[in-house]
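Quick setup: one chain, the form predicted alone, written in structure tokens, and binding and motion questions come after.
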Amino acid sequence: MRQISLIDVAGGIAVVAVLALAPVFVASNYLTGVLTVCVIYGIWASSWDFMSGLTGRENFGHSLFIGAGAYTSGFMATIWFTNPWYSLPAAVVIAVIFSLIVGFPTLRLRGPYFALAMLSASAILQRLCLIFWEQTGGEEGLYGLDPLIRNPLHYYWFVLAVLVVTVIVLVLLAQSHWGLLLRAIRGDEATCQAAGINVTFYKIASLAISAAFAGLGGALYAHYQLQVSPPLFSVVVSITIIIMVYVGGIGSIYGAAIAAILLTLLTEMLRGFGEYRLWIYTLTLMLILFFLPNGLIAPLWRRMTERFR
């Protein structure tokens, strides 16, 4: 297990400072909006990495928690007309409830059951949104959410602060005795069970923590877009997040967050290439994943700072 060093703290402060000051020096509402989405993807990627990266149980339905959090905000805003700030803790609670419903029966089993259950659950929720269109708005979703903070720059700083807290909490958990147990489960689950460790409890608890931050990110996204729609439950969202984590370096958490920000920025920077944008983006990801199986961001940072540790 790798301890947090001063150079890691200094690097984190530098990254946050650059992200916080970028919209100040480049006064552009477009850039602020793009960075807001980048940071929200950072929350989603780091939350996925905490559970799946540490335990080795791939979650192909992370969008279930994201959509649950977003639709919680949507229902509270458009049906119950509550204060939008109340939707943040409510989104966390609902996402955790979904994680317990899916996690209890599937994380007890070995094999691909958990991955398949998560994938199926997110697809079912997406379909239910279309079936019960009178309540969910169908394909168009729910509109008319109130912004949490009306100033786009101030909202971006707020979301960035949430990302920083998310990464700090998850990294500290990963570096603690708890994280050591999760890594041990990934290494040899049978040996952990033989040693008397309640493997199922730790996996379910880590899934609940992962879901909590994903649901919070979903609520933040809903209040940024001011609407929610069924594609938030789609498998494309989950796969996109998984790719971001692998590029960042699985199990690193901070690498996943930075990779999510950089890859989301890359998709925006490539818009000028028109129809070739997806080709370039896909080729870039393929080269990274093929030649750097351990990821790019976290391994590169470790190599750059090795002499200072």
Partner chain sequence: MLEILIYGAVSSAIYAMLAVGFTLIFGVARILNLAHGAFYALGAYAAYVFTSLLNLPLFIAAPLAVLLVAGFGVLMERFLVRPLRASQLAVLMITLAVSLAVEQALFITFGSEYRNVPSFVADKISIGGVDIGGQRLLALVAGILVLLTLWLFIQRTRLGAAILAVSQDPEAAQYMGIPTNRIFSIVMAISAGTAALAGVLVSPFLTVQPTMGLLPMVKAFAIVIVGGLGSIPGSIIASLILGYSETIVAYLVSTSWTELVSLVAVVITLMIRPSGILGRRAAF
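Residue numbers count along the first chain shown, from 1. Given the structure is predicted, the values throughout are model-derived calculations rather than measurements.
Just so you know, the form predicted together with its partner chain exists too; it's not on screen, but the next bit is about it.
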Does the trio 109, 123 and 278 actually contact its partner chain in the model of the complex, every residue with a heavy atom within 4.5 Å? yes
Among 144-152, 201-209, 172-180, 130-138, mark the stretch whose residues have heavy atoms within 4.5 Å of its partner chain in the model of the complex. 130-138
May I ask you to choose, among 165, 93, 116, 184, the residue with a heavy atom within 4.5 Å of its partner chain in the model of the complex? 116
Partner-contacting position among 97, 239, 197, 161 - heavy atom within 4.5 Å of its partner chain in the model of the complex: 239
May I ask you to check whether residue 37 falls inside a 4.5 Å heavy atom distance of its partner chain in the model of the complex? no
Give a yes or no for residue 15: in the model of the complex, does one of its heavy atoms lie within 4.5 Å of a heavy atom belonging to its partner chain? no
Does its partner chain get within 4.5 angstroms of any non-hydrogen atom of residue 300 in the model of the complex? no
Would you please decide whether residue 282 lies within 4.5 angstroms of its partner chain in the model of the complex, comparing each non-hydrogen atom pair? yes
Residues in 237-260 that come within 4.5 Å of its partner chain in the model of the complex by at least one heavy atom, in order, are 239, 242, 243, 246, 250
